[in-house]
Ligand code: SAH
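Shown here is one chain on its own, the form predicted on its own, set out as structure tokens.
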């Protein structure tokens, strides 16, 4: 890697970096010096060319790099990754000791000091997520650091960056003893089947742990529950175990049917008693209206962006329409749990969308609860987008 790379940033950005800002964007720069390649270490300097930080170059969404240290003497090598990972693992000590939750995030990108890198633990297995080709150049350092710090059955990886216009898909096994999937993990004493070597996803989104617990413990006893954008039915499991009279899971992906059945079965729930529809959510709403179906609780957890044959959904633009539509099949005094993982949207903006949609439906409501990322998803307080998850529990009036 070149040692002559230097990026000059605006003084305002330099001060923010000193306070903890880690994500670098193109508009923060005044000029670049050096021929940088993905993964190269860059010296960040202010307008007077005084040293500010060391960063690595890695294109990720709108970012072009991440600050790693403000100490000029720190070397970015295996030792750096080992020290940084160890601090993160120590912060999760109580999670490692838990008997009723055996899957959690052990390293959360910029929240733990290295943007573009996350690591998750699944009952003895680790999954490393690489979000840019830049951070992937440090693969051996990260893996060797991880191997020196923890015992494991195996390590898997997900390359979540594009190469030549396409996402990389291949065998995700890195080292250890290959798992026989699915393996069963526990989350607040609920069982979930996960496959760590089956494409980009694992079968569960760990950031919704606290919301699933609330669904099970607080909101569903005796209720009819609709779980939209249901993926593998994790919320449906929580609802059924919480005493819901019936769950209905809706997702456009064909694999959602066998995956949801699997999640129900590993919790000894009769999958024949629960309803699973493979169809577009907006089409299902039309179907439900025709059949005069109504639900006491509706869960909305859409992706930030999705496209089907008939619809294109953008959380930034279309959430108001979505909540307005599902309100039409929600019982009076029913509950809508609305969630988004769209990082660029603030909680205030998200609430404004919800308000717009329910006003359009001529429905008044009150907010009962709000959720953000759980404790293991450590955030960077100086980067609001790192706290990407926003969940609002709405009671219709």
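Positions refer to the first chain, counted from 1. Bear in mind that the values here come from a model prediction, so they are computed numbers and not experimental data.
Separately, the form predicted together with this ligand exists; it is not shown, and the next lines address it.
Visitor: Tell me the stretch among 73-81, 102-110, 132-140, 231-239 that has any heavy atom within 4.5 angstroms of this ligand in the predicted complex.
Guide: Residues of 231-239 come within 4.5 Å of the partner.
Visitor: Even though this ligand is not shown here, does residue 172 get within 4.5 Å of it in the predicted complex, heavy atoms only?
Guide: Residue-level check for residue 172: no, no contact with this ligand.
Visitor: In the predicted complex, is there a heavy atom of this ligand that lies within 4.5 Å of any heavy atom of residue 281, even though the partner is absent here?
Guide: Residue 281: yes, in contact with this ligand in the predicted complex.
Visitor: Would residue 253 sit within 4.5 Å of this ligand in the predicted complex, counting heavy atoms only?
Guide: Contact check for residue 253: yes, within 4.5 Å of this ligand in the predicted complex.
Visitor: Please tell me whether any heavy atom belonging to residue 89 falls inside 4.5 Å of a heavy atom of this ligand, as the geometry stands in the predicted complex.
Guide: Residue 89 lies outside the contact set for this ligand.
Visitor: Among 145, 306, 150, 294, which has any heavy atom within 4.5 Å of this ligand in the predicted complex?
Guide: Flagged contact: 306.
Visitor: May I ask you to choose, among 262, 301, 195, 210, the residue with a heavy atom within 4.5 Å of this ligand in the predicted complex?
Guide: Residue within 4.5 Å of the partner: 301.
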